[in-house]
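Next up: a single chain in structure tokens, the form predicted alone.
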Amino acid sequence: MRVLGVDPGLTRCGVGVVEGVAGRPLTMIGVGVVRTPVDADLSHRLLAVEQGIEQWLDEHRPECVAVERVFSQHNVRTVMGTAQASAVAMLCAARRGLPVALHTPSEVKAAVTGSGRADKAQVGAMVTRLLRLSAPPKPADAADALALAVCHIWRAPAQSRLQQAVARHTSHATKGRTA
């Protein structure tokens, strides 16, 4: 499975592509950051994020896109920009018919480090170790994007089994009511 992880942001949108399957060593395919100028008009910044993500999709051809789920922050301006960049990433994926998975920061941290309260340095260190890199990706947004992709690869099989079980249960429950 090849996954594009997106750590959404207006100034720095982390992107990282990881390939592999759960239970086997994973491979980093690419990592980077889509940057936009702070002083640019919001619409132009969103367009730049869209163009950057489209380039990553064109170049790396992922099978799915994992995006950090936006969580409430005290700074409304920051959360709005993050939400807008997140929506752009989801739109780019949907335009290509790619499935999108949303993972919370604590889910990603727990998957990669074992603790949902890990700090950025711990996430970077584990991403470096898991992907056998020579140094942690910089800036932290890039490491976070790789962590999202790793989290999705590891969690996707379990999530799929859960969805199938729910579908079977719903199907049996519906048949029971119509019989």
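Quick note: we count residues from 1 along the sequence shown, nothing fancier. It should be emphasised that the depicted structure is a prediction, and the values quoted were computed from it without experimental measurement.
Missing here is the form predicted together with another copy of the chain; even so, the following discussion is about that form.
Residues L42, V70 and M90 all lining another copy of the chain in the predicted complex, heavy atom within 4.5 Å: Yes, each of L42, V70 and M90 comes within 4.5 Å of another copy of the chain in the predicted complex.
Interface membership of A121, another copy of the chain in the predicted complex, 4.5 Å heavy atom rule: Although another copy of the chain is absent here, A121 would stay clear of it in the predicted complex, with no heavy atoms inside 4.5 Å.
Non-hydrogen atom contact L46 with another copy of the chain in the predicted complex at 4.5 angstroms: Close contact exists here: in the predicted complex, L46 approaches another copy of the chain to within 4.5 Å, heavy atoms only.
Stretch in contact in the predicted complex with another copy of the chain, which is absent here, among 46-54, 146-154, 23-31, 111-119 (heavy atoms within 4.5 Å): Careful reading of the contacts points to 46-54.
Sequence-ordered residues of 98-125 touching another copy of the chain in the predicted complex, heavy atom within 4.5 Å: Read in sequence order, the residues that approach another copy of the chain (within 4.5 Å, in the predicted complex) are V100, L102.
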